[in-house]
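Take a look at this one chain, the form predicted on its own, written out in structure tokens.
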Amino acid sequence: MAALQEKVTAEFQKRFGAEPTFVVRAPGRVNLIGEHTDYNDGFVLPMAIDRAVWAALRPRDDGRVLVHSLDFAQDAEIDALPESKVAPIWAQYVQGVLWSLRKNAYHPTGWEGVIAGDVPVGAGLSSSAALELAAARAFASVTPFTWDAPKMALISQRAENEWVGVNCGIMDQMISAAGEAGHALLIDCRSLATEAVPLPPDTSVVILDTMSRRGLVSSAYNERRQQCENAARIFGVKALRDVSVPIFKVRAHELDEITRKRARHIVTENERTLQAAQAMRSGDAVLLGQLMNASHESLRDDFEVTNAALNAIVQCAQQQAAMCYGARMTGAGFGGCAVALVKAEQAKAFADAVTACYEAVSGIMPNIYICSASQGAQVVVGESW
């Protein structure tokens, strides 16, 4: 039994004097490649990681949700028909899923339970999506409706967009809902079609947390969205996903310098993501690593969403050439984490080398996680519909 499963189960027993009817989990994620392409209707290649939000729960007959967070040592009470945001803030993600389910003509049953997670908050590993999908799995466990991963991802995304007020794309919720053990998931962000692609043999994915946290970057994020929309308008397409690399090269002169750089990243990143999926199908770790390196350069130079900490830790990773195939920043940028593809048998040595290198150049001790690809949101204890 996983440590967090034991933890939430024990706390449930302590609080309610009984075994939980259900235990559910939903993972965080790391994006291997395909950054800022999601809101351009493009392609992303995330992986569900073996860090997750867990919930132990049982149904209630009054439609309300009573939940205790072990991580925050706080209780929350959520009405059956949410009308205004509840406190504390973490509970708004649960409340938003309840609200979104009702907006999508579901009639969720209430529940009471205990939640806990080990997805680092603020590191760009989608702790919020993990919480949303754990909540969705909890509602689906106590309510007679069939689990549909893409639908639940969209419902959870709507909760974050419209209830919590964060304008995220679909990637985080989709990979938390639909991830497959041992695989990354190629997601077409326009159609929501997915394909599980295996990690290359004898490789490990290592997350490198710079310990620098994103500040007030919403304005920069919105600015880049607007620049991408402007470029699509000039090309006469719905989104930059519809612009191929050859077409971009022919017409790039029509864009001003900044818009051209932003568009070049999106157009080339979509191509890199499709090439990366093919490299994974072929078991080609070398090519996958090269594409990750190229992605970081593009995010640094064309999309300009890295920072000194991200560039430093990626450089530290790339310097371990005997152990590391490639590395890049991951997530929205401006801080947070990088991701590296390494030889599995040398993952620990790689982590130690990057830790020493990054601490020497930055004075900061990074957090480094050697990860495996995990299953998406699931019921671990209890019978699902």
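As the structure is a computational prediction, the values presented were derived from the model and not from experiment. Don't overthink the numbering: it's just position in the shown sequence, from 1.
Another form, the form predicted in complex with a small molecule, is not on view; read the next lines as being about it.
Q: Can you say which of 64 to 72, 49 to 57, 344 to 352, 30 to 38 gets within 4.5 Å of the small molecule in the predicted complex, counting heavy atoms only?
A: Answer to the contact question: 30 to 38.
Q: Let me know the one among Leu192, Ala239, Leu255, Cys168 whose heavy atoms come within 4.5 Å of the small molecule in the predicted complex, would you?
A: Of the listed residues, the single hit is Cys168.
Q: Check each of Tyr221, Tyr106, Phe235, Trp163 and return the one that places a heavy atom within 4.5 angstroms of the small molecule in the predicted complex.
A: Only one listed residue qualifies here, and that residue is Tyr221.
Q: Taking heavy atoms and a 4.5 Å cut-off, does Gly331 contact the small molecule in the predicted complex?
A: Answer yes; at least one heavy atom of Gly331 falls within 4.5 Å of the small molecule in the predicted complex.
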